[in-house]
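This document starts with one chain, in the form predicted alone, laid out as structure tokens.
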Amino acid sequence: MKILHGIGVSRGVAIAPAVVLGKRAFRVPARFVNVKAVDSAIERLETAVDAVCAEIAESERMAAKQLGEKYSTIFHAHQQMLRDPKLLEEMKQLIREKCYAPEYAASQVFRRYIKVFQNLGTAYLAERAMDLEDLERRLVRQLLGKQRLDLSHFTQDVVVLANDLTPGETADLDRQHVKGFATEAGGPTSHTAILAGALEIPAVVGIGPFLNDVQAGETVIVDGTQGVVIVAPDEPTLERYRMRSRQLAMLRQRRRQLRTRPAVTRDGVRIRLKANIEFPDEIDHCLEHGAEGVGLFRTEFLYLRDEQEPTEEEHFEAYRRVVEAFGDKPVTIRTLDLGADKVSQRIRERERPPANPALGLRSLRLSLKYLDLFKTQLRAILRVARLGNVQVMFPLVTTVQEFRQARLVLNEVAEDLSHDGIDHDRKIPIGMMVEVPAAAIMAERFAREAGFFSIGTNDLIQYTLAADRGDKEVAHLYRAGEPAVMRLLRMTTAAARKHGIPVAVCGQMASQLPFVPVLIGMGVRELSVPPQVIPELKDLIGKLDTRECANLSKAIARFESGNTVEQHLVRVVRSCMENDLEEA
């Protein structure tokens, strides 16, 4: 029996024989064409591009039909990348000037861009390189006349094991027979991980090399909740997971009945459970799972659709759909949280690529530098605020002066709207993300000026521990339970409580069961999570007592290691959930 550890990106348990795909990268050798055949080679490249775009369009159509528009946009973006005139011209230029065969030219150009993305310094951008690898595979396969890998038709239940799966391959998985998958590469924010969650297929990624040690047909367990893969399990382990799989099915059925009920602790304290969303199309998903509003409406999708910056009306229409759908329930809109390299051609031409994107010109810093872009978004937010219960939130705030400057810009926008006679609501709550140690340390000062806090635990942990969870070399250092992280959380929640402002948690910690009791014990009364997690949290919260949670928070303050903290919290939640499951 082999026990492997990775990153769980889609919860649940799968048990089935393994299908081992291995590494399938196309590395074509140097191939050339006769100078007289250059025109026909370029024509062959253009024909292949058209064929791949048609293939991607079909993936987009199927994703929209099965999963919703949110997930089909992944493939729309792939088409735009492949049709990019600069990319195509670089391939054609290699054919014209160096007589490269089209498949060799395509591989050379894609490899160069993939390497750039992988070396940009952040896990998010490195994972976008996987989208380019998907396009490379599709295009080279088309040029070489190779058949596309078919993962859509199996005759029996299987677990797919691979070096990595592209978004296209993931979307094509046979949902009836593919019970789970595990990959050597990949990270938590990849499009493959996002699609796995949407498909509700248990998945673990980022395991590292293991395929050579697995035989096709061996029984494999994929535990997407714990991030564990077990190859050739012994009989006691197999029986334990079979029982857990049955319990999971019963638990999901029971939790469906909790969707419309409020989250209330045993001692009667109400905990607000809101949704994190990226696209307006997620509205139905949120309401179906009982979300009490939107705690984090990411707006980056507006900037990633094409080369043009979104207009005020495009902002307004996207926000209006969500605000009107939620009626009097609060919707918190976060302003742009991207780096300069991801926004528009206009800005990219003016900014040098950052040496370290995580520490460069991004988020609120970018908005404050490009005020026309910032004001366009703020005008739309103030306009849509009159249609519902809207809050605005600034990301990556590091200094009080920065927060004041952003608030001043918002006031200027309100004055402009008043001058133009445009309906708006200038009295909306103004909050901030607490996601860097500087903001947590100065939380008491910020609490005198901000209308609310929302703690972004993902970045807070990364910046506090100087560890990127997507980097396998240091991922073991990324621990939410580290005492330094816990101390910053206590400082932030204590400051909010002292000055009477709401404090929410919208990072991944909010959806991890072991941390829910300690967050409640610190005084957090609002959690913003992926919609599908809400019934699970309601189930747990109904078993908690806030006084016991407060005592738990005090107890772990004495611990000296993150591992000790996390093990203790897991034991507490397992005991609390009694016979439900070892889901923590």
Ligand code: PEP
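Computed from a predicted structure; not experimentally measured. We number the residues from 1 along the sequence you see.
The protein also exists as the form predicted in complex with the ligand; that form is not presented, and the subsequent description refers to it.
- Message: Partner absent here, but in the model of the complex, which of 165-173, 290-298, 485-493, 94-102 has residues with a heavy atom within 4.5 Å of the ligand?
- Response: After filtering at 4.5 Å, what remains is 290-298.
- Message: Please tell me whether the candidate spot formed by 76, 131 and 134 is one where all three residues come within 4.5 Å of the ligand in the model of the complex (heavy atoms).
- Response: The answer is no: none of the three residues contacts the partner (heavy atom, 4.5 Å cut-off).
- the ligand contact at residue 456 in the model of the complex, heavy atom, 4.5 Å: So residue 456 counts as contacting the ligand.
- Message: Is it the case that residue 223, even though its partner is missing from this view, gets within 4.5 Å of the ligand in the model of the complex, heavy atoms only?
- Response: Outside the cut-off, so no.
- With heavy atoms only and a cut-off of 4.5 Å, decide whether residue 138 touches the ligand in the model of the complex. The answer is no: residue 138 has no heavy atom within 4.5 Å of the ligand.
- residue 507: heavy atom within 4.5 Å of the ligand in the model of the complex? Residue 507: contacts the ligand in the model of the complex.
- Could you spot which one of 433, 343, 503, 161 gets a heavy atom to within 4.5 Å of the ligand in the model of the complex? Contact check passes for 433.
- Message: Quick check on this chain: which one of 191, 383, 334, 179 has a heavy atom within 4.5 Å of the ligand in the model of the complex?
- Response: Residue within 4.5 Å of the partner: 334.
- Item | Heavy atom within 4.5 Å of the ligand in the model of the complex - qualifying residues of 191-221 | Not one residue comes within 4.5 Å of the partner.
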